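Okay, so here's just one chain, in structure tokens, the form predicted on its own.
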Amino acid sequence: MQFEPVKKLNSYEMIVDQIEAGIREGRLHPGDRLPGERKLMETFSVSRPTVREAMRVLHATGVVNTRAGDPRGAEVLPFTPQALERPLARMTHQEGTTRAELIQFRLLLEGQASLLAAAADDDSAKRRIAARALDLTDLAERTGGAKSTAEISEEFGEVLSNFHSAIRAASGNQLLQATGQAVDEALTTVARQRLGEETEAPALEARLRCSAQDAATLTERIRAGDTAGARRTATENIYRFYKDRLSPHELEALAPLIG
């Protein structure tokens, strides 16, 4: 039998673990108040700084809300998608996360979000997607102005992010929205780097026009309620955007997700 080393926890971490377990197991509900600071000190047999550190961690991670000077205990907060954003965003920026993994995740995420958006009976949400697609077309049509390629790449990343965000919102799935928002910064950075490699204006303009047309095609699939077509188009669009800058190993990793 093999044993693993025992992980040493600080006292405040044990308090955090117990409160989070109470929420997971349904013994604590959104809107419930935790005992006051003094009662927590007695219950856990710890010092005031230890209790305050536990509350600081729980507040920072969106588990509870604490207010300075409030005599009542901390309030248990309902789950929000934003609670996932910080840890997931941190994970996507770790050195161990590869470019292929980020693009794999985007293929899965945006493909399913597009499928659900197409299936949804929400015309207003689909109109918002169409509006964001038009923003991409507008940007592609005015790339010949005075802006530098770096400025255009920066603006494109923001507009593309808004387009995908509108699709995830139309999906109606909070977890898709949360995970998408959490990794969006990292994936937008990859997109900007990709465009930054287009040092000549004509090449950049052609890339943007292609992306705008891809967005328009995807929007048509979503508005038509073509779920399979929307998923397929979303993944093909993303794959086509990156494929000519990926290594054979990266292309092999993405291949099962295409089509």
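The term rigid core refers to the most C-alpha atoms you can superpose between the two forms while keeping them within 1.5 Å. Since this is a predicted model, take the numbers as computed values, not measurements. One rule holds for the numbers: they count along the sequence shown, beginning at 1.
FYI, the form predicted in complex with the DNA isn't displayed, but the following is about it.
Contact with the DNA in the model of the complex, defined as any heavy atom within 4.5 Å, is confined among 230 to 238, 62 to 70, 204 to 212, 23 to 31 to 62 to 70. Contact check for 132, 142 and 152: none of the three has a heavy atom within 4.5 Å of the DNA in the model of the complex. Proximity of residue 10 to the DNA in the model of the complex falls within the 4.5 Å heavy atom cutoff.
Residue contact with the DNA in the model of the complex: residue 46 places a heavy atom within 4.5 Å of it. Within this chain, residue 56 lines the site of the DNA in the model of the complex, having a heavy atom no more than 4.5 Å away.
Put simply, residue 52 is close to the DNA in the model of the complex: some heavy atom of it is within 4.5 Å. Once the rigid core is used as the reference frame, the Cα position of residue 50 differs between this form and the one not shown by 2 Å or more. In this overlay on the rigid core, residue 37 has a C-alpha that sits 2 Å or more away from its partner position between this form and the one not shown. Once both forms are fitted on their rigid core, the CA atom of residue 59 lies 2 Å or more apart between this form and the one not shown.
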